[in-house]
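Here's a solo chain for you in structure tokens, the form predicted on its own.
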């Protein structure tokens, strides 16, 4: 266990340094949330029911989600492009832990969107952004980050095992924004779509963080959101572990992964 944690920590640190200078991921963490936050606050600021904290949380989640979507779907593909996939597959170190550590580093980096979102509300627009339940928001953020990391781990093997699926993943950014209620309630969507949202970890992340930040959810409501965050994220992580086995099978036995 100690060796695995040390491996994950080292992988996270190396990847954090890499993504910190990656122009594409910097766009996802900084420029996209900046555009989303400023535009949304400018459009909604005159509404009587406008809650700047709702936009702050949604803006932060949009940056975290976009970063993990793109980083997750390209985590293993990047190793193939750089010619290190075969070395990782042949290494005695756990391939799952190495990629998990990489995405953990990316996840930590993506939290810059949260800092930026608060800056948009307080500095650019001058709103007194108040958190109703700071402690519950911290717990919600932690569980949300874990669940979104697990989602990224699920995307990583999919993108390399099936090219068509990998291309499809790249268009999930904005649909998930809408389906998860980052910036507006999902109740505004057609009724037949709403049940689909319950299967998405980003939806429960938004429910938990919006509820804790605004105080709209009591502890029982937050516990429900936390439970489904862990459930949906856990299911995706279990599936991901099985898919990682398939990745190693192709790399080690079939010898076709680098060419597929």
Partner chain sequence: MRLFTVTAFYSFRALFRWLSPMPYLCFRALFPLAQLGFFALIGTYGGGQPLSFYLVGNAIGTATLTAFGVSQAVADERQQGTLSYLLAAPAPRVPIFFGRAALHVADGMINMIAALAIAVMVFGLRVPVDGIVGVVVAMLVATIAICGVGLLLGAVAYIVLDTAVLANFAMFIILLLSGANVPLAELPGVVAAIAQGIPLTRSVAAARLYVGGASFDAGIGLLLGDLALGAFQLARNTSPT
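Residue numbers count along the first chain shown, from 1. As the structure is a prediction and not an experimental result, all values here were calculated from the model.
Keep in mind that the form predicted in complex with its partner chain is not shown, yet the notes after this line are about it.
- 188 is the sole member of 115, 123, 188, 142 with a non-hydrogen atom lying within 4.5 angstroms of its partner chain in the model of the complex.
- Out of the listed residues 177, 149, 136, 96, 177 is the one that sits within 4.5 Å of its partner chain in the model of the complex by at least one heavy atom.
- Stretch 30-38 is the contacting one of 231-239, 218-226, 30-38, 199-207, since its residues have non-hydrogen atoms within 4.5 Å of its partner chain in the model of the complex.
- Residue contact check for residue 162: none of its heavy atoms lie within 4.5 Å of its partner chain in the model of the complex.
- For residue 194, no non-hydrogen atom is located within 4.5 Å of its partner chain in the model of the complex, even though that partner is not displayed.
- Contact annotation: residue 127 falls outside 4.5 Å of its partner chain in the model of the complex, judged by heavy atom distances.
- Taking non-hydrogen atoms only, residue 104 never approaches its partner chain to within 4.5 angstroms in the model of the complex.
- Shown here without its partner chain, the chain has 38, 39, 40, 42, 43, 44, 45, 46, 47, 54, 66 in 37-69 lying with a heavy atom within 4.5 Å of that partner in the model of the complex.
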